[in-house]
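What follows is a single chain, given as structure tokens, in the form predicted on its own.
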């Protein structure tokens, strides 16, 4: 259904600030709950945030330190204040919600140094119903020289303690760590999104939006419950290198009264620029099989060997599986030259992006796929040798374009780019944006692994489909695995940034092939429910395809969409459980996913999200009686029931279990 865009209205108030007393101003969200206040105290800018009568951020510092100990955080006066209100609605090309409301009130405060060199800087603050955001705009002030940022002085004084879910910054495995829950006052330096359950009862997430040509922000604990922006540096220690002017990413604070409020916040997207791609017809959400899980469990190898995964014959077999199972995309990793048993180690690996590996013929495979209605997903593993990739990127992407491929997964395995720079420093930020723009020129969607964190780029470049950026399913294949609580933490942390290519769908949860003693620490029903709980417009059916053939539970994976009209969170406790429902964009059906941690639990779910007066067939896929991740985990009970919006359902979740439901409108 197409909606008419709401009218855009803007109110601008200019405040003359020649009078000394005009040094405090507040922007309040349209619903009146969230307020961000700017103050100039003794020439130093500070801000604070409240939600109703609750303090979110106590007065906190703003400013920068440049090279040669030059700073911009004191000796300032207010030059101008502009107040604006915007109420708009826009449509996503694809997403977890089709129509997004963008309603906020903004303050723009222009500051000027009282003494020479009389530099100016603007601060923009926006108050939304789901949080607040702010950023700096430094115009260059007539300088023709470059400017190096050595530190950002932005702080976040929470005032009171609370529980935080976090992963450490500055570690070799980037974002791929299990989340720790601990008091805010005990944190070190952590990545964002950082999610907090405050002692005042609010749920708060710190992140950033519209990260362009800047270092990404981590958060460093200073004293008490105060956190400080810590920009990821270049190898030489400089945080950000500019041509004399800069605009920072938005520093975002999402605020909710319930955990699920954070998930249904679209503030990060609203703070990004509108879609820049005129033609998006080639961008298609999808589900896909892959010659992938077999490599991770040791059945196949990534490199040329007697058990090589990416061979022409093996690819034909997987294409046949796609056709049999009704899945129209197939990912093939390891098809090209350069793979070795040491491919994931820190070396300047020399992958080719145009040469076939032994026993593989890309043209034959793409031709056979096309004949059978299957689209091949390409793969570029850079090994973080960005010098090598940049030399070949156009040739590699042109090859995919010539063979009718519209999707590419791009890996950056390695602890540093070019064995030197952080993935999430300014170097990495620029690199990922460059690759995304190049891919768009060749009509390729992108799935980044070992990525920079998501800050809402998908609004501007909707070919940015999904990314990794956390511990995914693969860790269950060759490590101690992800604990049952991992997938009930991800929706409130990593996935507040954007879609994740988690690669769910392993129904053989006891992993009968490959590495002995491994399992995925969930029930099969929980694997089904993850397709609703963990959002991505591209969802892998990660298991070996032979485990899907003849499996009745696979019907849910065939049915569940990857593109949605609406999303709601019915109940949730971070790290314990969550129940999410989503409405299909292309039908009147709803889908439910409910999952739990290592504790079995019973949840009562009202169905008032369904259309009033309509009847639905609830197709339920649930943990069988007595099933848990340690006991009979593959057993799924499938049943149907006629329901309406006046009904409720009782969900019985086993240990690390789940329930998946399709509500088919009759």
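Residue numbers count along the first chain shown, from 1. Keep in mind that this is a model prediction, so the values were computed, not measured.
The form predicted in complex with 1-deoxynojirimycin is left out here; the points below concern that form.
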Listed residue that, although 1-deoxynojirimycin is not shown, lies within 4.5 Å of it in the model of the complex (heavy atoms), from 584, 508, 450, 96:
450
Checked 468, 457, 407, 230 for heavy atoms within 4.5 Å of 1-deoxynojirimycin in the model of the complex; positive is 468
Please name which of the stretches 544 to 552, 294 to 302, 564 to 572, 319 to 327 has residues with heavy atoms lying within 4.5 Å of 1-deoxynojirimycin in the model of the complex.
294 to 302
Contact test in the model of the complex: residue 170 vs 1-deoxynojirimycin, heavy atoms, 4.5 Å:
no
Residue 130: heavy atom within 4.5 Å of 1-deoxynojirimycin in the model of the complex?
no
Quick one: is residue 368 in contact with 1-deoxynojirimycin in the model of the complex, heavy atoms, 4.5 Å cut-off?
no
State yes or no: in the model of the complex, is some non-hydrogen atom of residue 246 no more than 4.5 angstroms from a non-hydrogen atom of 1-deoxynojirimycin?
no
What residues of 328 to 348, in sequence order, lie within 4.5 Å of 1-deoxynojirimycin in the model of the complex by heavy atom?
333, 339, 343
